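One chain follows as structure tokens, the form predicted on its own.
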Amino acid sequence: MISSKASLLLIAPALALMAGLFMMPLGYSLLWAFREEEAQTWGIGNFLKAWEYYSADILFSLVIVTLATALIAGFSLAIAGYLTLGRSGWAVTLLRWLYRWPLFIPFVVAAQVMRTFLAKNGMMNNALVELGLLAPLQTASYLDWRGIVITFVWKQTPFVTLLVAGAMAAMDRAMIEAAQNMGAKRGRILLGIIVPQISRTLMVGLILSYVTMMSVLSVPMMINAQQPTMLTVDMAWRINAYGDYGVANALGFIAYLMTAGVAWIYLRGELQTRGGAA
């Protein structure tokens, strides 16, 4: 058995790297969000300027990421549920083989793929025109907020599905088989028996996806080159165009609060669950 001192020595390099490469830059950025360089003082001037210029983008980011997270939850449950309860062997095998592909595609490549797919003259509209479902004049570009949501959902659903499907596979199937023997439909089994048991795993996957989507720069920059846009684009713009690190840090602080709020809700639920179990 490894002693506590040996354990500390083993994790010390990882802790040092985390402190030096993540915690220190994060703390510096959060602290200097309150630094007003022009007035050479400390205050909330950067936050007031950030809200004055980018309040619409803050709300836009919140709505986009929340909507994408809700859709990811629905699609991941549907896919994982079919992998667990599906009766067609070839369909389950094909779905299991297909749904993981976006996991191996970087966000910047996913954004370029969606630009090709969702543009007015893109692959999706051309396919619909060829099938006779749309006339050429009826086609429209989806390179706006819809494109961002579609890209986020397409990219992050496999990650959450992988976690949820693993949790479903680890469940005791006795209750599922008993429900099936009593004639319960698959939708009722999924929502009434399976989802309550894997809800914690689902929540972890959704929170990680929420945080990831809040930090992505390439997708909103390549798909939605208009206002409103997401906070990451605004932060890049303040730094590259104006060298204004104060407002950029303030926007980063606001994004951090948005993700910290989700983490707080999860931790509060976990503590209540553990307290109830104890």
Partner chain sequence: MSSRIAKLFASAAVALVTANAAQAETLVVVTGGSENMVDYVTDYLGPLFEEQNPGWTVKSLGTGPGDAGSQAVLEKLTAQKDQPTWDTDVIVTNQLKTAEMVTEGLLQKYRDQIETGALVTSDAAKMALGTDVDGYVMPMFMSQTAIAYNPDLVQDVPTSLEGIKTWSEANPGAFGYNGIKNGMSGVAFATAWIYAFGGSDPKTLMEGPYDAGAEAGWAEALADLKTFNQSVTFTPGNAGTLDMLNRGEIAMGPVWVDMFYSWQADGRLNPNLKITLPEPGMPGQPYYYAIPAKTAHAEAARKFIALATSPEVQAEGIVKKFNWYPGIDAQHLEASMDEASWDKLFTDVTPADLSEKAKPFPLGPFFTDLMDQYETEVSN
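Numbering follows the first chain given and starts at 1. Because the structure is a prediction, the values reported are computed rather than measured.
If you look for the form predicted in complex with its partner chain, you will not find it shown, but the lines that follow are about it.
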Contact stretch among 61 to 69, 24 to 32, 44 to 52, 211 to 219 - heavy atom within 4.5 Å of its partner chain in the predicted complex: 44 to 52
Can you pick out, from 188, 120, 173, 100, the residue that has a heavy atom within 4.5 Å of its partner chain in the predicted complex? 120
Partner contact for residue 40 in the predicted complex: its partner chain, 4.5 angstroms, heavy atom: no
Look up in the predicted complex whether residue 245 has a non-hydrogen atom within 4.5 angstroms of its partner chain, and give yes or no. yes
Just to confirm, residue 253 within 4.5 Å of its partner chain in the predicted complex by heavy atoms? no
Taking its partner chain in the predicted complex, which residues along 161 to 182 bring a heavy atom to within 4.5 Å of it? none
